[in-house]
Each structure stands twice: as C-alpha cells, then as structure tokens.
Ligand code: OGA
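Here you get one chain, nothing else, as structure tokens; it is the form predicted on its own.
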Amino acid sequence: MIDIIPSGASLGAQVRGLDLGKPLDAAMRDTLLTAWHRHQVLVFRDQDLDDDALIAFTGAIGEVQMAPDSDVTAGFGGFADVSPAITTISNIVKDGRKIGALGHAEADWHTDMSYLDTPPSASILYAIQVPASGGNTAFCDMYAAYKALDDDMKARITGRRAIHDFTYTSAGVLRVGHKEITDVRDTPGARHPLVRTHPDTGRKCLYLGRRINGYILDLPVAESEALLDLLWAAATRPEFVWEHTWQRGDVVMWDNRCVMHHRDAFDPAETRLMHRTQIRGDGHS
C-alpha cells in the first residue's frame, strides 16, 4: 500500500511507502501513472538508489532516453563517468574539471531539452547531495495557465508555433560553438506549438519551453516579444507554482509536456549533486 499526499498547490504530490529500488509490478506502475497524470509532479523521499536502480525505475515508467550528447550540447551531462542514460547536475569541480552541468547559479524557467524536435516526456531527478539551503526547484502548472487565459488570448495563440532556443543552457550559459543571437528569427532550435494537447490526459496546456531567444513564427519581432512576455507572466503566476525543497534521497518525477521548472541559486561553497534520467518523448503536439 502507498499513500499519495497532494501538495495542496496547483500541482505536485508526495508518494509514501514505495521503495524505488525494487521492481514495479504492473498494478503499481498504473497507480503511479494515474497519480502522475493527475498531479504532474511526484516526489519520493528517503530513496537509496544506484544508477542502475534509477535507470530501471525510469524504464518501468517509459522508454529511457539517453542523456544529451556532450558533443552536441557543449558537455551538458557529459563530464562524469556515468551511464549514457544519466545526466549529472552538479557544481562539483575535481582537479579543475567540472563533473556535471548547471553549477550553482539560478536556472531560469524552462522545459528540459525542448530545443529538440522530440523532447523527453518526463525527467526524473535523484538527489545524492544537497546544500543546506537554496537550490530549490519550483514547478508551474501549464494546464492551469492555459485554462486561465481569456478567450481572446486563446484565439491569438491557437495554431501558433514558437522557436525553442538551443544556443543557451537554462543557466544562461552560451553553449560552446554557438554565437549570441542578434535576430530571434534566426534562433536555432525546434519549432513547437504554443498550445499542445497532452497525449495521455487529452487536456490542453501552454508549451513555452524557455524564454531566452524565443520567437513566435510569422509575427513581427516586437509583437512576438510582447506576446511571449504576456504568456510567461501568465504561466508563472504564484497560484500555478509549487516549490520543492530538496532532501538527500529525494526522487522527483515531472511531466515536461505540461510543466515548466526553475531552480534557485545556492552557495557555491556547498555541494549539490543530482543524477537525472529522461523518458523518451512521443512527439505529440
């Protein structure tokens, strides 16, 4: 038996009574998927996993997607000696060499790897070491954000697509081999609809990805900028946001199709080490 405790916010729930190091049977998998589709973000505390166990749990939920190729993404997740299914998120430096990505700085609101034509449907993040304070992760409910838009705004964005920037990481670092964008119409990255229908729930949600260098196709740049600013403000309203304070042993699973997330900065003198897996996306829009 497990308990599923809603956060009390627009999204998020904690799952109690489940050891993710043990295989999931079909009934438990279905229970978790039902809870996940309802709450969008699930938290499992007090877990003790090695990478094989983390990958096995991920594979029980869906098809594992390999971590971003470091040759393509300027080393993102490609520093440490880990499985190709694992992305290392860390500020640790050993012998002058980073072992992971994103460091200690704030990570802006984003959806993981939305610069790809088929981004991962889910991310699963396991906390191995956490700082005493800071480094919290906030999530926002893109179903609720879309539902709250007035009819005129919904009509304005229906059928519109936007570019999701590839040149910068979510920490605002320019990827190696890329140049700063001077015209957002030339931004490299995938083109995704501003409104998507979730393939499992059938619900509509905003899909924004990341703000930097965003551009809504076929609009004058100024109009695109103004509209994107309105949509980002609507998506990140406090009533649609829930923040998770990490503890060592936490596993958090979120749905990239209907959730964005943001990480607070933390003291660079402290250590934060996370291992992330991804579930392959479905390409549904």
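The model shown is predicted, which means the values in this text are computed figures rather than measured ones. The first residue of the sequence shown is number 1, and the count goes up from there.
Keep in mind that the form predicted in complex with the ligand is missing from the display, and what follows is about it.
Three-residue candidate spot 137, 254 and 263; every residue lies within 4.5 angstroms of the ligand in the model of the complex by at least one non-hydrogen atom.
Looking at residue 164, you'd find every heavy atom of it more than 4.5 angstroms from the ligand in the model of the complex.
At a distance threshold of 4.5 angstroms between non-hydrogen atoms, residue 149 is out of contact with the ligand in the model of the complex. Interface membership of residue 141, defined by any non-hydrogen atom within 4.5 Å of the ligand in the model of the complex, is ruled out.
In the model of the complex, at least one heavy atom of residue 89 sits within 4.5 Å of a heavy atom of the ligand.
Only one of 172-180, 102-110, 190-198, 154-162 lies within 4.5 Å of the ligand in the model of the complex by heavy atoms, and it is 102-110. When you look in the model of the complex, the only residue of 125, 130, 122, 116 with a non-hydrogen atom within 4.5 Å of the ligand is 125. Checking 246, 242, 36, 232 for any heavy atom within 4.5 Å of the ligand in the model of the complex turns up a single hit: 246.
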